[in-house]
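Below, in structure tokens: the form predicted on its own, a single chain.
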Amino acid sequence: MIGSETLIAAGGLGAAYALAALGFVLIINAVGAVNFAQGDFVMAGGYVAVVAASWLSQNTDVAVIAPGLVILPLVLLAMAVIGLGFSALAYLPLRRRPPMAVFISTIAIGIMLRQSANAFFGAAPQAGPVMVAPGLAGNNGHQLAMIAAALVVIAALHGLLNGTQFGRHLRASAQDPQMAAAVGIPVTRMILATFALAIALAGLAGLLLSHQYLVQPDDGTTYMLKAYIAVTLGGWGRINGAVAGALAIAVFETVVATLVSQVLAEMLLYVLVLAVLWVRPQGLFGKIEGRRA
């Protein structure tokens, strides 16, 4: 039986998947390369949340009230800084090399993150902070807070990209970097900002997932696959499609896991992806290329 709690849980999971997928799309659109470390940055965000929540609980009284909501800005800021470092290591030195070089560099960074997390935190799963204190928002308070936090951030990102000069510069740099540079837009700075935004979104996804789904070093591979599938289903490079694809994945996984089992849900998800690609290789929301009216 599928009830409201199941659907709310699916919404919370989908919100986190959507944030990871959005960051994935931002980098694809900005530099034309796939960031294979995106899932590992989700994992890293979970550990940043664990450390920040632990520090707050030991040094302040605020964390007792709403640790997840309190540390959310800290996680975004920390992961944005990490994103700047990531772009400086994995992209800028290789931007004029073949795309395969960037692919490999992101894989290498992901492995380094995984091994570093294992060395510092161990392989055992750890629980991140709850988004709101138990009892403040009912039995589904954590999931509702996940959804609300993701909606606020996605709305803010939409406003940034579509309603500000900075956002227009970001989009111009992604669409035609040569022309953008010719009219005076600092393309390199825009690329750095895109990486910072993308990794901050991944880190926020890690924060949202870390309490209910725990966090461990090997989580990155799973989250990378979910982001990749969401982007593929939604149409390659399409922001709205990535969000819709992420929500579809989460609803499918949660409903099938509730009715049958988590193992079957994982297997059937990939069957569904293959079926969609057979029928619509451009994704559910992608445009068909090369077809004339």
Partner chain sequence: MKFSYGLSMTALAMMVFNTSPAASQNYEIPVLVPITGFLSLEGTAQRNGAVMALSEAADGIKVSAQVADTSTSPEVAVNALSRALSDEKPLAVAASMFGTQMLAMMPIAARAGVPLLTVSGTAKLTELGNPFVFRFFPGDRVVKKAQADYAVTVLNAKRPALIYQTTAYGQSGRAVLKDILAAMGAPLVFEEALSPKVKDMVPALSRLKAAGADVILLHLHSGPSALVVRQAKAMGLQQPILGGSALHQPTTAALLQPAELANVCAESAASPISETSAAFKRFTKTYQETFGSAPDAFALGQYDGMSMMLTGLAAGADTATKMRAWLANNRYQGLAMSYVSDGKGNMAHDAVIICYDGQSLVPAISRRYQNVDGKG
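Numbering follows the first chain given and starts at 1. Model, not experiment: these values are computed from the prediction. If you superpose the two forms and keep the largest set of C-alpha atoms that fall within 1.5 Å, you have the rigid core.
What follows is about the form predicted in complex with the partner chain, which we do not show.
A.B. asks: If contact means a heavy atom within 4.5 Å, which one of 123 to 131, 71 to 79, 152 to 160, 185 to 193 is the stretch that engages the partner chain in the model of the complex?
C.D. replies: Partner-contacting stretch among the options: 123 to 131.
A.B. asks: At 4.5 Å between heavy atoms, is Gln262 in contact with the partner chain in the model of the complex?
C.D. replies: Gln262: yes, in contact with the partner chain in the model of the complex.
A.B. asks: Does any heavy atom of Asp176 come within 4.5 Å of a heavy atom of the partner chain in the model of the complex?
C.D. replies: No, no contact at 4.5 Å.
A.B. asks: Using a 4.5 angstroms cut-off on non-hydrogen atoms, would Leu214 count as touching the partner chain in the model of the complex?
C.D. replies: So Leu214 counts as contacting the partner chain.
A.B. asks: How about Asn29: is it within 4.5 Å of the partner chain in the model of the complex, going by heavy atoms?
C.D. replies: No, Asn29 stays farther than 4.5 Å from the partner chain in the model of the complex.
A.B. asks: Would Ala257 count as moving between the shown form and the other one, using a Cα shift of 2 angstroms or more after superposing the core as the test?
C.D. replies: Ala257 C-alpha, core-superposed: shift of 2 Å or more.
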